[in-house]
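Single chain ahead, written as structure tokens, the form predicted alone.
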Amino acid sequence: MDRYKLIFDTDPGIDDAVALLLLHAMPSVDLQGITTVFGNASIEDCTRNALYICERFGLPYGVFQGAGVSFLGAEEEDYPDFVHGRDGLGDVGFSPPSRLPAKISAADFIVQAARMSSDPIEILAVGRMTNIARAFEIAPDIKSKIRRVVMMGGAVGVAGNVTEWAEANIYGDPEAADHIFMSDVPVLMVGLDATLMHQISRTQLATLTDDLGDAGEFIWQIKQHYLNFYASKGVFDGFPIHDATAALAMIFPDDFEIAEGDLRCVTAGDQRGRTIFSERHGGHHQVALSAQGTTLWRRFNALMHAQFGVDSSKTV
């Protein structure tokens, strides 16, 4: 199995928190650092949340605070507290961490890590792509050192979750997304077409809580806000795990239907934030068009148990 030298670009966020624990549980991931971006909450809250998770679970990764405004400098007017809570982690009331972020910014860290690495770097981006776009803008030379950007965001064959056309991560900074799409860096887009097929029920969540010790308790606590949000939509008694699905797509692509082609992002008008995919063989970009939800749940469950549970006999 390939080993991925990875930067995790994230806006924790309930689902981001679970994805971070999953990445820590993946033997094939060599996590170089965590870069934070505004999105599910303010940049200060997202950075604090990343530091809290690392401190609580003894994760040995540096946290680099990133963009608090969009690629073009726009400020956020309304964070999605109805989904993630005012603090981004479901308003459970966790104590502030004692750890502090690194002294260099997220974009500078991406540049530094790419230039210093003897191997290509992979970036898993599960929020707005502002930090990566800024890194590519200030240091175009690093693009040749980026093996691929795997992103959770966008929608092709399904409706968006902010507007009819747009998914939240892309809608929050479409200029950054389009900058990445135009960069010649390979991209794997794992959007709503795939992530909506990987869902966890309340019963499955309860099983995780029982089996994963403190990690299970943490996930149960933060996911209550998420459960209430999806219950209010009247869909089902559970939720999709968007960001963890993108992490799994990076490692287990055979569990997805993936097409090649070219991506662009609409940056103006009623369809602002829409990701447009033109399928063609040999295209520079890949898009996950569907996912094997049952298989992904089995992999997620096994990885989390192997790292955080008492039963490590399951295979991935």
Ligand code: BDR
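Quick note: we count residues from 1 along the sequence shown, nothing fancier. From a predicted model like this one, the values you see are computed outputs, not experimental measurements.
Not pictured, yet referred to below: the form predicted in complex with the ligand.
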Give me the residue from I110, I146, M152, I180 that has a heavy atom within 4.5 Å of the ligand in the predicted bound form.
M152
Go through A135, I222, V126, M189 and name the one with a heavy atom inside 4.5 Å of the ligand in the predicted bound form.
V126
Contact with the ligand in the predicted bound form for N40, defined as at least one heavy atom pair within 4.5 Å: yes or no?
yes
Should H198 be classed as touching the ligand in the predicted bound form when contacts are defined as heavy atoms within 4.5 Å?
no
N169 versus the ligand, in the predicted bound form: is there a non-hydrogen atom within 4.5 Å?
yes
Just one stretch in 201-209, 113-121, 161-169, 93-101 has heavy atoms within 4.5 Å of the ligand in the predicted bound form, so which one is it?
161-169
Taking the ligand as it sits in the predicted bound form, which residues of 60-98 have a non-hydrogen atom within 4.5 Å of it? Please list them.
H84
